[in-house]
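Same chain, two forms, each on its own as structure tokens: structure 1, then structure 2.
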Structure 1
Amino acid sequence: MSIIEIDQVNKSFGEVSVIKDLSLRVEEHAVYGFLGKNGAGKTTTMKMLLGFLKPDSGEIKICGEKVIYGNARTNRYIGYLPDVPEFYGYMTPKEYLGLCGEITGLKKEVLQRRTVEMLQLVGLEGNNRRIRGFSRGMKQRLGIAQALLNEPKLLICDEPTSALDPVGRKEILDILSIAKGKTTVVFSTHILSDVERICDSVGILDQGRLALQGKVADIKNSYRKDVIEVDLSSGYPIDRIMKLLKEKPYISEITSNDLRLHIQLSGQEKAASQVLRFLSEEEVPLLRYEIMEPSIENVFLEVVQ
């Protein structure tokens, strides 16, 4: 089942067209990374999902229900973490979660249990200080706690890690990894290593259009360039082996850099294993043999160019 269905949505602010004919689906239990440069339209899209902004045209559905601007009943399915969450500074985390739970109508016992669970999950248990004195990372963690309080079907996080130091980022990603077992997670980011760590599918937004979407594994597969890198131990005559390899029909290009060979395969079946077999027949002393995986970073840079 699709948790999010966006159909041909357009949005512009004045003259500036921010979202152009955007259509996308997010399946249940996915961890969906929403990528894009600054200003690509990520936050705009998320705010439309929450009914905070009105699309100029097109339709958005959450769990099969249409999102209505200004009074989004669909928000009961959603936990939302804004990019810089703001809280009432005069409350303690416990009081704040109490307020959130009471607004959504959680039963008292459930609310108490969930509050304890959530504060433990984000590591703020036993913290009875007022939120006013919290660091950014603590606020971000409390933001996740309030978003997950109602066990939402969908967790939307707007750049949850962008403003944090490495430790804070790791903490947030760890919490999201725990959350993904129970809920669908959509999060926007431009930190690509975060995507590789926890996302199973991604959508890349470029200038208001969806430039690419799919499962991370599929995308990596389709962008695989059939490149092999080989490191030889020193002292071996690299020119000789290059010459021999160049004549092989399964190799289209070969370059060298010091003791490293960069081999572009021609795309024939089993080309990679033929290279390996040839190298061992020639008794070439190998230090490293690697079939290069495309990183999300390379894919991203290629797509948004």
Structure 2
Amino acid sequence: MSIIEIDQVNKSFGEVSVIKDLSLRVEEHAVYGFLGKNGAGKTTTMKMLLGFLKPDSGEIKICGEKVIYGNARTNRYIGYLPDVPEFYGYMTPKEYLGLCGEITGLKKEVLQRRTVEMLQLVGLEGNNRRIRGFSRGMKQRLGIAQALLNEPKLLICDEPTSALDPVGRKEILDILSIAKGKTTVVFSTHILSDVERICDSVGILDQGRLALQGKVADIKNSYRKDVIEVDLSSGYPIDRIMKLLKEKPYISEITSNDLRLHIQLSGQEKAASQVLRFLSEEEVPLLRYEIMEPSIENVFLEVVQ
């Protein structure tokens, strides 16, 4: 089932066209990474999903229901974490979630249970400090707890790990990975390693258009280039081995950087094993032999202009 359906959506601000014929689908219980350079249209798209902005044309549906600008009943399906969430600094986490639950009409017993569950999920249970003293990472975690309080079918996060240190980023990504068991997660980011770590699928925006969309594993496989990297021990005559390798029909290109060989294979079957066999027969002293996997970062740099 598609939680999000966007069909032929366009959005301009004055004479500036920000979103151009955008169509995409996000399936249930996925972690979907929404990628793009600054200004690509990620935040604009998210605001249209939430009914905060009106598309110039096209249609957006959440859980099969059309999103209507200014009357977004579809937001009852959504939990939202903005890039910089705001809080009442004089409150504790428990008090803040209690207020949010009352505003959204949660029954008292449900609110008490959900508050405990969410604070445990984000690692803030038993924390009675005032929110004004929280770090950026703690505020992001509390923001996720608030966004998940009503058990939404869709969690939308706008740059949830931006400006966090590595420990804070790991905490947020771990929480999102756990959350996908009960909801669908969509988050925008420019930190491509975060996407590769937890996302099932990605969509890459380039100048307002969807340049690429698909499952992470499928995308990486389609951009595979059959490359091997080899690190040699110091003192080995690298020029000699490069000359011999260039003569092999299963190698299309070979370059070096100090004692590291970058070998582009020709695509022949078992080419990688042939390289390893040759190096073994020549008794080449290897420190590392690695068949390189394409990364989302490499794919991103290839498809964006």
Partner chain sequence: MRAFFVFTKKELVEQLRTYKSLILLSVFFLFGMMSPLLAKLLPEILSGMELQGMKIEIPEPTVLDAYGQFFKNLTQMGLLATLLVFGGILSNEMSKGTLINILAKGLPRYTVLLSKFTAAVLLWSASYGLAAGVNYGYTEYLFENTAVHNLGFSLFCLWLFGCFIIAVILLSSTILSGNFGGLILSAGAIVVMLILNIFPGLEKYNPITLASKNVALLLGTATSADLTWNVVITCLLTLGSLLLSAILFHRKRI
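Reference numbering: structure 1, starting with residue 1. C-alpha atoms forming the largest set that superposes within 1.5 Å between two forms make up the rigid core. Because the structure is a prediction, the values reported are computed rather than measured.
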Item to check | Of structures 1 and 2, the one that is the form predicted on its own | outcome: 2
Checklist entry - Does Lys20 show a Cα shift reaching 2 Å between structures 1 and 2 after rigid-core superposition? => result no
Checklist entry - On a core-based superposition, does Glu297 travel 2 Å or more at its Cα between structures 1 and 2? => result no
Checklist entry - Using the core for the fit, does the CA position of Glu229 change by 2 Å or more between structures 1 and 2? => result yes
Checklist entry - How many angstrom apart are the two C-alpha positions of Ser252 between structures 1 and 2, if you fit on the rigid core? => result 3.2
